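Take a look at this single chain, the form predicted on its own, given in structure tokens.
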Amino acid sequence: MKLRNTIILPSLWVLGAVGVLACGGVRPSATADEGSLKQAIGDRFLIGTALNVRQSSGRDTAALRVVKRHFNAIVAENCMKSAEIHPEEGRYHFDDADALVNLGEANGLTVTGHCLIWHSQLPRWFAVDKEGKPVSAEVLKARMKEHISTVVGRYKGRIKGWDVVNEAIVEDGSYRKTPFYDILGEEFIPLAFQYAHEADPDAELYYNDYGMDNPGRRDGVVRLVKQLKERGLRIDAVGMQGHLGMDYPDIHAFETSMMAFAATGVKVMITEWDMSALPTLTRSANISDISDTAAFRQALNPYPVALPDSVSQRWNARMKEFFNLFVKHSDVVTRVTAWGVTDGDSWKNNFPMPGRHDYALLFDRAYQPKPFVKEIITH
């Protein structure tokens, strides 16, 4: 998901999490007789989580105990995005990505690469010349191919699949106006999939986007998948980002999109799964304006210590409802990935104001499974 300088808060969401410790030591994540999430899910689909650099490097040992016990798949939250892994032309930074892949291999965790082509977190140099002007189509093609070939080629045979293109379709089903689209038009997506397949013919290839319950985006992604297939290009799955709220998306609309994507002949992956615990607000504001408004700060951060039981119960019920949906369609769903290990890791914290506490993930700040996770494990 993108963080914009000027934001519209269509929903800073009314979900919750459970039993969060405001202070004190970290308890063990689970005892041996409690089972694990991955054991409970079995072979229905992979259950994954995104790791930050502290975790993939081994510094957050408490989080790694949770990962090794409960998950069987991992993805990099940030360190494989182009701005991080390819910050300057001709210079790559592979240390963090190498650590993630090594961690996966050492612990039998399936690794997904995220992501190859995305307009956000794109290094400044990538689509411009030395004068800051847009490069030609031929130059951008060459840079895309070199970047994809180098990154995918480095991990050939070690990464199961790649989010090749991220967030390229907008709500009305048209293409997002990005440097890639402005310079290459619609062709940048087939090129990205072509380059990725050439770099590792055995790797699965995915398209990933958010707001996939939206009918316009749904139809646009269906068209894209069909076009790629008609051209003989490999695409294995559509990644449906699962950034949810208590009042959105409509679960039936989400299911409709799952079925529409599966009908094209690809699998479905639930990526970036989380649910905000905070109330839905609608307000257009600049972040600096938000920070000047005490009442609005309180509205944005209503639960700075812990969640009320009523919110927690609703959050867990809705998360379980979506989980049951994924299980219902486990014939087409191949992976479900939470966007972080614990509430403290969530990207939803501290945005759009510093100190904002959210409760969006499967494990709380004390590294304990939320009630709906415990229910899955024990049943």
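Only a predicted model underlies this, so the values are computations on that prediction, with no experimental measurement involved. Residue numbers run from 1 along the displayed sequence.
The same protein has a further form, the form predicted together with a small molecule, not shown here; the description that follows concerns it.
Though the partner is left out of this view, residue 118 does reach within 4.5 Å of the small molecule in the predicted bound form, counting heavy atoms only.
Contact between residue 339 and the small molecule in the predicted bound form is found at the 4.5 Å heavy atom cutoff.
Interface residue remark: residue 77 is counted as part of the site for the small molecule in the predicted bound form, having a heavy atom within 4.5 Å. When the small molecule is considered in the predicted bound form, residue 204 lies well away from it, no heavy atom lying within 4.5 Å. With the partner left out here, the small molecule still marks one of 132-140, 146-154, 165-173, 192-200 in the predicted bound form; by a 4.5 Å heavy atom cut-off that stretch is 165-173. For the marked spot (112, 261 and 335), a heavy atom within 4.5 Å of the small molecule in the predicted bound form is absent from each of the three residues. Exactly one listed residue, out of 243, 86, 267, 218, brings a non-hydrogen atom to within 4.5 Å of the small molecule in the predicted bound form: 243. Proximity to the small molecule in the predicted bound form, defined as a heavy atom within 4.5 Å, holds among 208, 276, 214, 82 only for 208.
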